[in-house]
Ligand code: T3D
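We begin with a single chain expressed as C-alpha coordinates, specifically the form predicted alone.
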(Lines give C-alpha, C1' and ligand atoms only; values in the text may rest on other atoms or scores of the structure.)
Protein backbone atom coordinates (compact mmCIF):
# COMPACT_ATOMS: atom_id res chain seq x y z
CA UNK A 1 0.00 0.00 0.00
CA UNK A 2 1.34 3.47 -0.86
CA UNK A 3 0.03 7.01 -0.45
CA UNK A 4 1.26 9.83 -2.67
CA UNK A 5 2.95 12.88 -1.15
CA UNK A 6 4.89 15.67 -2.84
CA UNK A 7 7.94 15.99 -0.58
CA UNK A 8 8.26 12.63 1.13
CA UNK A 9 7.92 8.92 0.46
CA UNK A 10 5.35 6.85 2.35
CA UNK A 11 5.34 3.08 2.39
CA UNK A 12 3.54 0.51 4.53
CA UNK A 13 4.68 -3.09 4.68
CA UNK A 14 4.11 -5.78 7.33
CA UNK A 15 2.67 -3.26 9.78
CA UNK A 16 5.59 -0.83 9.41
CA UNK A 17 5.08 2.63 7.88
CA UNK A 18 8.27 4.23 6.58
CA UNK A 19 8.25 8.00 6.13
CA UNK A 20 11.25 9.16 4.11
CA UNK A 21 11.91 12.90 3.85
CA UNK A 22 12.65 13.29 0.16
CA UNK A 23 14.45 16.56 -0.53
CA UNK A 24 17.99 15.17 -0.66
CA UNK A 25 19.44 18.07 -2.66
CA UNK A 26 18.33 20.41 0.15
CA UNK A 27 19.42 17.98 2.91
CA UNK A 28 15.73 17.31 3.58
CA UNK A 29 15.34 20.78 5.03
CA UNK A 30 11.82 21.72 6.01
CA UNK A 31 9.95 24.01 3.69
CA UNK A 32 6.18 24.48 3.33
CA UNK A 33 5.36 21.37 1.30
CA UNK A 34 7.49 19.04 3.43
CA UNK A 35 6.05 20.38 6.69
CA UNK A 36 2.54 19.89 5.33
CA UNK A 37 3.27 16.40 4.01
CA UNK A 38 5.02 15.29 7.19
CA UNK A 39 2.10 16.29 9.38
CA UNK A 40 -0.31 14.57 6.99
CA UNK A 41 1.83 11.41 7.01
CA UNK A 42 1.79 11.12 10.80
CA UNK A 43 -1.96 11.67 10.82
CA UNK A 44 -2.30 8.96 8.17
CA UNK A 45 -0.21 6.63 10.34
CA UNK A 46 -2.61 7.26 13.20
CA UNK A 47 -5.67 6.48 11.09
CA UNK A 48 -4.31 3.40 9.29
CA UNK A 49 -5.07 0.32 11.40
CA UNK A 50 -2.55 -1.66 9.35
CA UNK A 51 0.26 0.52 10.75
CA UNK A 52 1.75 -0.65 14.04
CA UNK A 53 5.15 1.09 13.94
CA UNK A 54 6.50 4.18 12.14
CA UNK A 55 10.04 4.73 10.89
CA UNK A 56 11.13 8.31 10.12
CA UNK A 57 14.26 8.75 8.01
CA UNK A 58 15.77 10.90 5.26
CA UNK A 59 16.78 10.37 1.66
CA UNK A 60 20.40 10.94 0.65
CA UNK A 61 23.12 12.03 3.07
CA UNK A 62 21.03 13.91 5.65
CA UNK A 63 18.28 13.04 8.06
CA UNK A 64 16.90 16.59 8.18
CA UNK A 65 18.73 19.92 8.15
CA UNK A 66 15.91 21.76 9.93
CA UNK A 67 14.19 24.84 8.57
CA UNK A 68 14.94 25.64 4.94
CA UNK A 69 16.51 29.07 5.41
CA UNK A 70 15.85 30.09 1.81
CA UNK A 71 12.16 30.09 2.73
CA UNK A 72 12.89 32.67 5.42
CA UNK A 73 14.58 34.89 2.83
CA UNK A 74 11.52 34.95 0.56
CA UNK A 75 9.33 38.07 0.54
CA UNK A 76 7.02 38.45 3.54
CA UNK A 77 7.75 35.24 5.44
CA UNK A 78 5.46 34.41 8.34
CA UNK A 79 6.65 35.79 11.69
CA UNK A 80 8.79 33.18 13.41
CA UNK A 81 6.44 32.73 16.36
CA UNK A 82 3.59 31.99 13.95
CA UNK A 83 5.77 29.63 11.91
CA UNK A 84 6.85 27.71 15.00
CA UNK A 85 3.36 27.49 16.48
CA UNK A 86 1.53 26.61 13.28
CA UNK A 87 4.07 24.55 11.32
CA UNK A 88 6.70 23.05 13.65
CA UNK A 89 4.97 22.46 16.97
CA UNK A 90 2.20 20.36 15.38
CA UNK A 91 4.88 18.03 13.94
CA UNK A 92 6.46 17.10 17.27
CA UNK A 93 3.05 16.88 18.92
CA UNK A 94 1.89 14.50 16.20
CA UNK A 95 4.87 12.23 16.93
CA UNK A 96 4.39 12.29 20.70
CA UNK A 97 0.62 11.83 20.58
CA UNK A 98 0.71 9.02 18.02
CA UNK A 99 -0.36 5.83 19.82
CA UNK A 100 2.26 3.83 17.96
CA UNK A 101 6.05 3.60 18.42
CA UNK A 102 8.08 5.95 16.22
CA UNK A 103 11.70 5.15 15.36
CA UNK A 104 14.06 7.78 13.96
CA UNK A 105 16.55 6.16 11.58
CA UNK A 106 19.16 8.92 11.55
CA UNK A 107 21.05 8.42 8.32
CA UNK A 108 23.05 11.66 8.36
CA UNK A 109 23.07 15.11 9.89
CA UNK A 110 20.08 16.06 12.05
CA UNK A 111 20.21 19.82 12.52
CA UNK A 112 18.02 22.41 14.18
CA UNK A 113 14.36 21.45 14.03
CA UNK A 114 15.45 18.26 12.26
CA UNK A 115 17.23 17.22 15.45
CA UNK A 116 14.11 18.09 17.43
CA UNK A 117 12.09 15.73 15.23
CA UNK A 118 14.52 12.95 16.11
CA UNK A 119 14.35 13.84 19.83
CA UNK A 120 10.55 13.57 19.73
CA UNK A 121 10.67 10.00 18.41
CA UNK A 122 10.46 7.09 20.84
CA UNK A 123 13.63 5.34 19.67
CA UNK A 124 16.64 6.67 17.78
CA UNK A 125 18.98 4.49 15.72
CA UNK A 126 21.89 6.30 14.10
CA UNK A 127 24.28 5.49 11.31
CA UNK A 128 27.88 5.73 12.49
CA UNK A 129 28.54 8.82 10.35
CA UNK A 130 25.37 10.62 11.47
CA UNK A 131 25.59 13.68 13.69
CA UNK A 132 23.47 16.26 15.51
CA UNK A 133 23.93 20.01 15.14
CA UNK A 134 21.96 22.49 17.25
CA UNK A 135 23.26 25.75 15.85
CA UNK A 136 20.24 27.99 16.44
CA UNK A 137 22.46 30.56 18.15
CA UNK A 138 24.63 30.97 15.07
CA UNK A 139 21.71 32.65 13.32
CA UNK A 140 20.59 34.55 16.41
CA UNK A 141 17.70 32.26 17.35
CA UNK A 142 16.79 30.01 20.26
CA UNK A 143 16.21 26.25 20.12
CA UNK A 144 12.60 25.41 19.26
CA UNK A 145 10.31 22.58 18.16
CA UNK A 146 10.55 21.15 21.65
CA UNK A 147 14.35 21.03 21.91
CA UNK A 148 14.51 22.87 25.25
CA UNK A 149 12.03 20.39 26.79
CA UNK A 150 13.12 17.16 25.11
CA UNK A 151 16.90 17.42 25.22
CA UNK A 152 17.37 17.92 29.01
CA UNK A 153 15.13 14.91 29.60
CA UNK A 154 17.21 12.80 27.25
CA UNK A 155 20.74 13.79 28.30
CA UNK A 156 20.46 15.94 31.44
CA UNK A 157 20.45 19.70 31.95
CA UNK A 158 24.19 20.31 31.88
CA UNK A 159 24.80 18.35 28.69
CA UNK A 160 21.76 19.98 27.07
CA UNK A 161 23.13 23.45 27.84
CA UNK A 162 26.45 22.45 26.30
CA UNK A 163 24.85 21.18 23.12
CA UNK A 164 22.44 24.08 22.74
CA UNK A 165 24.80 26.94 23.62
CA UNK A 166 28.11 25.77 22.12
CA UNK A 167 26.42 24.26 19.05
CA UNK A 168 29.32 21.89 18.33
CA UNK A 169 28.45 18.91 16.12
CA UNK A 170 27.69 15.79 18.13
CA UNK A 171 28.91 12.61 16.39
CA UNK A 172 26.81 9.46 16.57
CA UNK A 173 29.29 7.64 18.82
CA UNK A 174 29.15 10.42 21.42
CA UNK A 175 25.37 10.62 21.08
CA UNK A 176 25.26 6.93 22.01
CA UNK A 177 27.61 7.44 24.97
CA UNK A 178 25.41 10.16 26.50
CA UNK A 179 22.18 8.28 25.84
CA UNK A 180 20.78 10.48 23.08
CA UNK A 181 20.47 7.54 20.68
CA UNK A 182 19.64 3.92 21.45
CA UNK A 183 22.17 2.33 19.13
CA UNK A 184 24.68 3.14 16.41
CA UNK A 185 25.28 0.87 13.42
CA UNK A 186 27.44 0.98 10.29
CA UNK A 187 25.89 3.25 7.67
CA UNK A 188 25.07 0.39 5.33
CA UNK A 189 23.26 -1.51 8.09
CA UNK A 190 20.99 1.32 9.26
CA UNK A 191 17.94 0.40 7.20
CA UNK A 192 18.15 -3.30 8.02
CA UNK A 193 18.70 -2.76 11.76
CA UNK A 194 15.88 -0.23 11.99
CA UNK A 195 13.61 -2.60 10.12
CA UNK A 196 14.55 -5.43 12.49
CA UNK A 197 13.67 -3.34 15.55
CA UNK A 198 10.45 -2.16 13.91
CA UNK A 199 9.44 -5.72 13.06
CA UNK A 200 9.96 -6.75 16.68
CA UNK A 201 7.73 -3.89 17.82
CA UNK A 202 5.12 -4.68 15.15
CA UNK A 203 4.82 -8.19 16.58
CA UNK A 204 3.95 -6.81 20.00
CA UNK A 205 0.57 -5.96 21.49
CA UNK A 206 -0.44 -2.63 19.87
CA UNK A 207 -2.74 -1.38 22.61
CA UNK A 208 -0.28 -2.25 25.35
CA UNK A 209 2.46 -0.33 23.52
CA UNK A 210 0.14 2.62 22.96
CA UNK A 211 -0.76 2.73 26.64
CA UNK A 212 2.91 2.34 27.62
CA UNK A 213 3.85 5.32 25.46
CA UNK A 214 1.02 7.34 26.98
CA UNK A 215 2.10 6.44 30.51
CA UNK A 216 5.76 7.26 29.86
CA UNK A 217 5.00 10.72 28.53
CA UNK A 218 2.54 11.43 31.35
CA UNK A 219 5.12 10.34 33.94
CA UNK A 220 7.55 13.01 32.72
CA UNK A 221 5.21 15.68 34.02
CA UNK A 222 3.48 14.00 36.97
CA UNK A 223 4.47 13.16 40.53
CA UNK A 224 5.18 9.61 41.68
CA UNK A 225 1.86 9.02 43.41
CA UNK A 226 -0.11 10.38 40.44
CA UNK A 227 1.94 8.16 38.14
CA UNK A 228 1.12 5.08 40.21
CA UNK A 229 -2.58 5.86 39.94
CA UNK A 230 -2.36 6.51 36.20
CA UNK A 231 -0.51 3.22 35.67
CA UNK A 232 -3.25 1.40 37.53
CA UNK A 233 -5.93 3.02 35.36
CA UNK A 234 -4.16 2.11 32.13
CA UNK A 235 -3.46 -1.40 33.40
CA UNK A 236 -7.19 -1.83 33.89
CA UNK A 237 -7.72 -0.90 30.24
CA UNK A 238 -4.96 -3.24 29.06
CA UNK A 239 -6.27 -6.07 31.20
CA UNK A 240 -9.63 -5.98 29.41
CA UNK A 241 -8.16 -6.33 25.90
CA UNK A 242 -8.30 -9.44 23.74
CA UNK A 243 -4.52 -9.10 23.36
CA UNK A 244 -4.07 -9.65 27.09
CA UNK A 245 -6.21 -12.78 26.91
CA UNK A 246 -4.17 -13.95 23.93
CA UNK A 247 -0.92 -13.27 25.79
CA UNK A 248 -2.06 -15.38 28.72
CA UNK A 249 -3.20 -18.18 26.42
CA UNK A 250 0.08 -18.14 24.54
CA UNK A 251 2.01 -18.28 27.82
CA UNK A 252 0.05 -21.31 29.02
CA UNK A 253 0.32 -23.03 25.63
CA UNK A 254 4.03 -22.18 25.31
CA UNK A 255 3.68 -20.56 21.88
CA UNK A 256 4.32 -17.07 20.46
CA UNK A 257 1.32 -14.75 20.95
CA UNK A 258 -0.67 -13.53 17.96
CA UNK A 259 -1.70 -9.99 18.86
CA UNK A 260 -4.43 -8.28 16.85
CA UNK A 261 -4.68 -4.90 18.57
CA UNK A 262 -8.12 -5.65 19.99
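No experiment lies behind these values; they were computed from the predicted model shown. Positions refer to the first chain, counted from 1.
FYI, the form predicted in complex with this ligand isn't displayed, but the following is about it.
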{"item": "In the predicted bound form, residue 66 touching this ligand (heavy atom, 4.5 Å)", "value": "yes"}
{"item": "Partner proximity in the predicted bound form: residue 138 to this ligand, non-hydrogen atom cutoff 4.5 Å", "value": "yes"}
{"item": "This ligand contact at residue 57 in the predicted bound form, heavy atom, 4.5 Å", "value": "no"}
{"item": "This ligand contact in the predicted bound form: residue 80, any heavy atom under 4.5 Å", "value": "yes"}
{"item": "Segment assignment from 230-238, 207-215, 58-66, 42-50: heavy atom within 4.5 Å of this ligand in the predicted bound form", "value": "58-66"}
{"item": "Answer option from 109, 175, 118, 91, heavy atom within 4.5 Å of this ligand in the predicted bound form", "value": "109"}
{"item": "All of 26, 72 and 113 with a heavy atom within 4.5 Å of this ligand in the predicted bound form", "value": "yes"}
